[in-house]
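A lone chain, given as structure tokens: the form predicted on its own.
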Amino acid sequence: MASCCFSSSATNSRSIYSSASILQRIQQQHVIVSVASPGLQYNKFSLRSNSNSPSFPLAAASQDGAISTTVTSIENDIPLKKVRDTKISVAPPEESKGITPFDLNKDKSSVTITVVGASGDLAKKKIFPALFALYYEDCLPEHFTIFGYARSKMTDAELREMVSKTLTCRIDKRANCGEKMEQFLKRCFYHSGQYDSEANFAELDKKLKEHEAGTIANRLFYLSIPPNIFINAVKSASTSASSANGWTRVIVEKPFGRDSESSAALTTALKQYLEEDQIFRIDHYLGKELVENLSVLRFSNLIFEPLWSRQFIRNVQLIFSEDFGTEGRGGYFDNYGIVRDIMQNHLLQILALFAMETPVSLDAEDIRNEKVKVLRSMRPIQLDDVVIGQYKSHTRGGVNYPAYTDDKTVPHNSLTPTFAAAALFIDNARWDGVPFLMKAGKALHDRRTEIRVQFRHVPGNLYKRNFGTDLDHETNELVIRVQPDEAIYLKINNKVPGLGMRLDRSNLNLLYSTRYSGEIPDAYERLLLDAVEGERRLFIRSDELDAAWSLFTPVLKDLEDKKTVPEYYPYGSRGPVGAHYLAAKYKVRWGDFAGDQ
């Protein structure tokens, strides 16, 4: 989890040191300072005292509490628009170590998080629990307030009662849990209003100002509402409830449209009221621990980076499966289907992170630039490289499992796919010819999300005859299990102890639950913290969204125009047989059929 820079005990390199000590040092010498973008990034700048002046100019304190003065860029020319959400901190000299860090203006800024759609399932099950977890870990600012906003009539006490039912403490941190919950709930308030009412948002603004009095007010709006009312809510919030003297940011939940046209229209409408750097398009899969670890695994381990190309990788598989059906969400799901719901966003974002070139830095824009290059390099998806399916009823162990169309919210003649598999290709020098196989489905035999990297056969393998006819056992495979039971393991071949020459396929395994004692944070915790800090690395930029929809819109249009009938598969099975033929077409076997769990 990201380090919590708002913690009173934090002593990392973002710490703000004694103003007297800093000014004394600036007067005496050329000081290098770091511009810390919210998150983990730093850019060096130079501060110089004017030796001809009798005294050093007075340094001004920024809203974040950092000392600011005239800076001259020595490494990066960063426009004001990019720096306005950053803090400048001075790296302390050796003599200053041990000084208690403090924030010059810690009492003069506040953050208010407004959950729009507070009475919905997402808010109750994910957003409020994630905010409490951040509070429990001391990751939220000292002065923060949470407001729920929805059409439902509710008092502050009723909101707190509703929220309290969903809060839990870390398994490994239960000290003062009840006390922490009570303190957290005291910071939660509610305002009822219509999503398209500027007057109702103006009333909300008055309440927010009461809690922000005398501070630099920063505001974060989380739109946990259906996409058809995004624009109305954004217009009302932007017009009537934006911060007058701090930043205003808006988190937008998927789906971001149904195709290229509707997505572009949504982006255009949002940008009538917000700047691009105010819009945080959230894909919660990008906040998952193993997805976050993907770039670390590749770029900080020498053994992997040289192998990460067509020379050594035979295919890459991105697999998403759920062992349950729509479970009452059929009305929403039938309008989108599995391709839009999972493949076009979650799996494609993971693919882009996996396949991107080494970014210039870990800066959000550098990473997102590389992801966009991958998406723009992808070959148009052919209809022949896509298989769709829909689950049907099935009886197993005396239990009858319903078909997708048995859901009362789904039309009885629906052709919406609940399963899809596709072969994608990246036409660039690194990945030319390597099939990236995607598979996503509901009501399958198990629940998992994983990335499987199958390497090529060893040229002239001396032990080839020991593998028999199953040549897949000859190859190595790297598996990154995103969920559940997070793990990274590498399949290798080794000799079974004994006098004979018998080979075995074994796993070099990093199982997170065994290696790390702490509970893995929920993805929403990481993403909410990043949004508060202004870190955009794990959020989707508008040109990324355009490139993703450009890839999937044509094939979706073909499937719908031709009214392609999905292949039916039994509830709880491994999916349509057609998915196996698709893999076989590229001489691949799905890795999740090998029996490893």
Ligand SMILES: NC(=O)C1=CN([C@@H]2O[C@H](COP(=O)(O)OP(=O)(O)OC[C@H]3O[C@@H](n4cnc5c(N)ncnc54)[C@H](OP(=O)(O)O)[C@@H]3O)[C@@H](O)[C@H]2O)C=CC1
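Owing to the predicted nature of the structure, the values given are computational and were not obtained by experimental measurement. Don't overthink the numbering: it's just position in the shown sequence, from 1.
Only in words, not in the display: the form predicted together with this ligand, which the text now covers.
Enquirer: Run the site superposition, bring this ligand over from its position in the predicted complex, and let me know if the shown form is open or blocked under the 3-atom, 2.4 Å backbone or C-beta criterion.
Expert: Open: no clashes with backbone or C-beta.
Enquirer: Considering only heavy atoms, tell me if P129 and this ligand come within 4.5 Å of each other in the predicted complex.
Expert: Contact check for P129: no, nothing within 4.5 Å of this ligand in the predicted complex.
Enquirer: D366 versus this ligand, in the predicted complex: is there a non-hydrogen atom within 4.5 Å?
Expert: No, D366 sits far enough from this ligand in the predicted complex that none of its heavy atoms falls within 4.5 Å.
Enquirer: How about L478: is it within 4.5 Å of this ligand in the predicted complex, going by heavy atoms?
Expert: It does not: once this ligand is placed as it appears in the predicted complex, L478 has no heavy atom within 4.5 Å of it.
Enquirer: So in the predicted complex, does any heavy atom of S224 sit within 4.5 Å of this ligand?
Expert: Judged by the heavy-atom cut-off of 4.5 Å, S224 is in contact with this ligand in the predicted complex.
Enquirer: Could you tell me which stretch in 143 to 151, 419 to 427, 272 to 280, 300 to 308 has residues with non-hydrogen atoms within 4.5 Å of this ligand in the predicted complex?
Expert: It is 143 to 151 that comes within 4.5 Å of the partner.
Enquirer: So, a 4.5 angstroms cut-off on heavy atom distances: do all three of R396, V399 and Y571 pass it with respect to this ligand in the predicted complex?
Expert: Heavy-atom distance to this ligand in the predicted complex: none of the three under 4.5 Å.
Enquirer: Since exactly one of R329, K209, K373, R187 fits, which has a heavy atom within 4.5 Å of this ligand in the predicted complex?
Expert: After the contact test, the surviving option is R329.
Enquirer: Under a 4.5 angstroms heavy atom criterion, identify the one residue in L490, L415, I229, A403 near this ligand in the predicted complex.
Expert: Of L490, L415, I229, A403, the residue with a heavy atom within 4.5 Å of this ligand in the predicted complex is I229.
Enquirer: Can you tell me which bits of 241 to 277 touch this ligand in the predicted complex, meaning any heavy atom within 4.5 Å?
Expert: E253, K254, P255 sit within 4.5 Å of the partner.
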